[in-house]
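The chain that follows stands alone, in the form predicted alone, written as structure tokens.
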């Protein structure tokens, strides 16, 4: 019996893909060959450092940093809890881990088309986010109370991202509609707020929320620093997302509005049934990109003193025993960011194919 290999058509498609993606022009050929050269030159040494010569257990960590030793992954075993949970009480880490699993499950459920109805989606997010918050803060159901100043690590990063998304998305819709309002005062106020916010870097806005707002507000109105930062971050997100939604609204043919009016639909029914579904469809690629940017921007809060996953990583190698293992810690944190960001981007590509928006 002989094995003929893949069909000729499959081989042709594969070679055509290589030609279009890797050898389309002279520059593509040079970059591809240079990349292959780097892989051949550094690949074996990098593989040995990452896996073959690596030190995996804390019991053998005394060999870390010695000549010929590979990556010291023992730091992840010894300090991994600090990276993932930050300053959260050690005996309560199960709550922080469960809260992370809940918010990730909510995100996964939100990606299933069967959940894409206003009632189901809002129910999933309200129940999931409430469960996350109860687990993290405690104070009820026999759970010990844990203040936000002790939240940290991956759990705090996910909390900030989820809070900004939940608050910012509805606010962005209102801002986009306000900027297209027929009432001049509402339209000008929305335009001024959006343009002013977009003219400042995110770090400036978060600094103002964390450090300046307490000087101009009475004590009873200041609130927790974490919540002030989330509110400012959410408004920043909403201003950018409002412009994305406004672009999606502008892409809707005028005949859609006229047809809705001729059917006797009121303004909010036109918005809910006709305008917003098409606007989100038109604005899907930049919306996914905005979520990716927002998740990465959560690392900025390290500068304001919040103990998110990057700050926890810095603390993980901050002792004399693990000072030499900062590369391994940063690789581990980069892997965390990569998993979440890559998953978001691939899901965005799936939605584009499903809705026939993007084309390769």
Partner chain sequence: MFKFAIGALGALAMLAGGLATSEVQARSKTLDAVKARGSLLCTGHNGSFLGFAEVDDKGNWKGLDIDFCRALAVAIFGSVDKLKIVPLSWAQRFPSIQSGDVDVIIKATGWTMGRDTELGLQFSRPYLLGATQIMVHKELGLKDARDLEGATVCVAGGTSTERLAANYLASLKVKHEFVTYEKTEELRSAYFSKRCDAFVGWGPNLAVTRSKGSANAADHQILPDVLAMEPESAAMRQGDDGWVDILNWLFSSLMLAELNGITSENVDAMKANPPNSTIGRLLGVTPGIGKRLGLDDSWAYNVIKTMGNYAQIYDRNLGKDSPYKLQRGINALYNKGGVLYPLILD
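The structure displayed is predicted, hence computed values, not measured ones. Residue numbers count along the first chain shown, from 1.
This next part talks about the form predicted in complex with the partner chain, which is not shown.
- Using a 4.5 angstroms heavy atom cutoff to the partner chain in the model of the complex, none of 17, 244 and 354 count as contacting.
- Proximity to the partner chain in the model of the complex, taken as heavy atoms within 4.5 Å, picks out 204 to 212 from the listed stretches 204 to 212, 129 to 137, 165 to 173, 260 to 268.
- When the partner chain is considered in the model of the complex, residue 309 lies well away from it, no heavy atom lying within 4.5 Å.
- For residue 334, no non-hydrogen atom is located within 4.5 Å of the partner chain in the model of the complex, even though that partner is not displayed.
- In the model of the complex, residue 303 approaches the partner chain with a heavy atom inside 4.5 Å.
- Heavy atoms of residue 54 never reach within 4.5 Å of the partner chain in the model of the complex, leaving it off the interface.
- Proximity to the partner chain in the model of the complex, defined as a heavy atom within 4.5 Å, holds among 315, 292, 46, 69 only for 315.
- In the model of the complex, the partner chain lies within 4.5 angstroms of at least one heavy atom of each of the following residues of 74 to 88: 78, 79, 82, 86, 87, 88, in sequence order.
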